[in-house]
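Only one chain is shown below, in structure tokens, and it's the form predicted on its own.
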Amino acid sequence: MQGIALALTAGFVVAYLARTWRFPAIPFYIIIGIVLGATGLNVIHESETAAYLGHIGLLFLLFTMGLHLRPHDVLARRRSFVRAGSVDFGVNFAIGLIAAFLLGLPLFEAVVIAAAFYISSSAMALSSLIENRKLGFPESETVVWMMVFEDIVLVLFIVLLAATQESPLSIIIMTIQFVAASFLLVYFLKDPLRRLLSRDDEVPLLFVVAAVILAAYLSNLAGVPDSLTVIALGSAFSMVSHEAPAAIARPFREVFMVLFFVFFGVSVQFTGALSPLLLLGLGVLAISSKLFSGIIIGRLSHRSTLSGVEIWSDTAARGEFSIALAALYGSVMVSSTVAALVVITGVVGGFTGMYSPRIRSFLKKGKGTLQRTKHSTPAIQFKKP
């Protein structure tokens, strides 16, 4: 209990400062865990209670993610994000996988690293758009749909990684059954659920919380990853209502995710991990990789390199889903690598998201100066003697 109290108190301070300075809090939650854990001051230790509460936060995070995967919207806007999402995946996952292989990691760990390398922080990206008043930017819609595409790919990663640990065919069959059951149940109970969620008492709160916890419990009994089940449940709920379940899930997600990130930092052990220089190099590579893919997307979707820089500025940070994959399927070495990756890209991404208008202005002036210099340079003329 002492560790949980310290984690929440430190999380409160970080959240307050982050909101005041409009900076992402997730990297600093992890840093707090590292500083207060066995690697640092050794005043907070891992516990089953903290792990359970952190897992609840993860479940509500994934449930909220599922609420954004509304089948109708995804199908209607598929052309808006397939091209950008494919470039984002192709560039960043490939570079992350190659880097992991060059570090000598086995295939399974390399895939976990590459997946964490590829998936941006949806929370940081959307917060950057809102808090930095960028929702009116033409690139903001591209960023939002890139996050949706990454959410869909995340589901596929979870299926792939879970299937490699157990019988692949049985897990895939059971997962399909759970997903189908979730959608069918919500579809046939659509009207009663809509009335239930529109109530203004405690009933909707208890119902949503019970549904998420029950779905996770049933999936554990069946041997299906509960992360997949709650994502499917959220996507099914989105057919009925998005706002009410999201509003109910948010406080559980925010509070318990603080514990999840802090205690993830506590669990990080740098013994046997990559050297600091390699971790820094991987972070720089991750930032550069997103810049490269962002420029390609900007050229394809907006016919502008500067638009690509804007897309990069909002998606450079890795965060909650990278940590989730490492926590679910990563070894000690992988967890420490992903923690360093999230801290480095999160801090840099906070600055790029906040100062992207200045970055674009600087690059635009530099481009203009270069063009003026090119056109103003007199041509050398030779006169006949």
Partner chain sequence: MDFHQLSLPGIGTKYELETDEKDIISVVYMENGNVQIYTRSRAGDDYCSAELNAMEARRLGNVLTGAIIEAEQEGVEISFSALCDLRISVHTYIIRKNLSGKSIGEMNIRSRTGATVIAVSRGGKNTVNPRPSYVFEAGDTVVVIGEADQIKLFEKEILG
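Numbering follows the first chain given and starts at 1. All figures in this text were calculated on a predicted structure; none of them were measured in a lab.
The same protein also exists as the form predicted together with the partner chain; that form is not shown, yet it is the one meant from here on.
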Contact residue in the predicted bound form, from 97, 213, 91, 126 (heavy atom within 4.5 Å of the partner chain) | 126
Check each of 183, 270, 137, 207 and return the one that places a heavy atom within 4.5 angstroms of the partner chain in the predicted bound form.
-> 137
Wondering, does residue 218 line up within 4.5 Å of the partner chain in the predicted bound form on heavy atoms?
-> no
In the predicted bound form, residue 242 touching the partner chain (heavy atom, 4.5 Å) | yes
Is residue 365 a contact residue for the partner chain in the predicted bound form, using a 4.5 Å heavy atom cut-off?
-> no
Using the partner position in the predicted bound form, report whether residue 145 sits within 4.5 Å of the partner chain, counting heavy atoms only.
-> yes
Assess the spot marked by 68, 130 and 133: is the partner chain within 4.5 Å of a heavy atom from every one of these residues in the predicted bound form?
-> yes
Which of 145 to 153, 196 to 204, 229 to 237, 101 to 109 lines the interface with the partner chain in the predicted bound form (heavy atom within 4.5 Å) | 145 to 153
Which of the residues spanning 3 to 40 lie within 4.5 Å of the partner chain in the predicted bound form, based on heavy atoms?
-> none
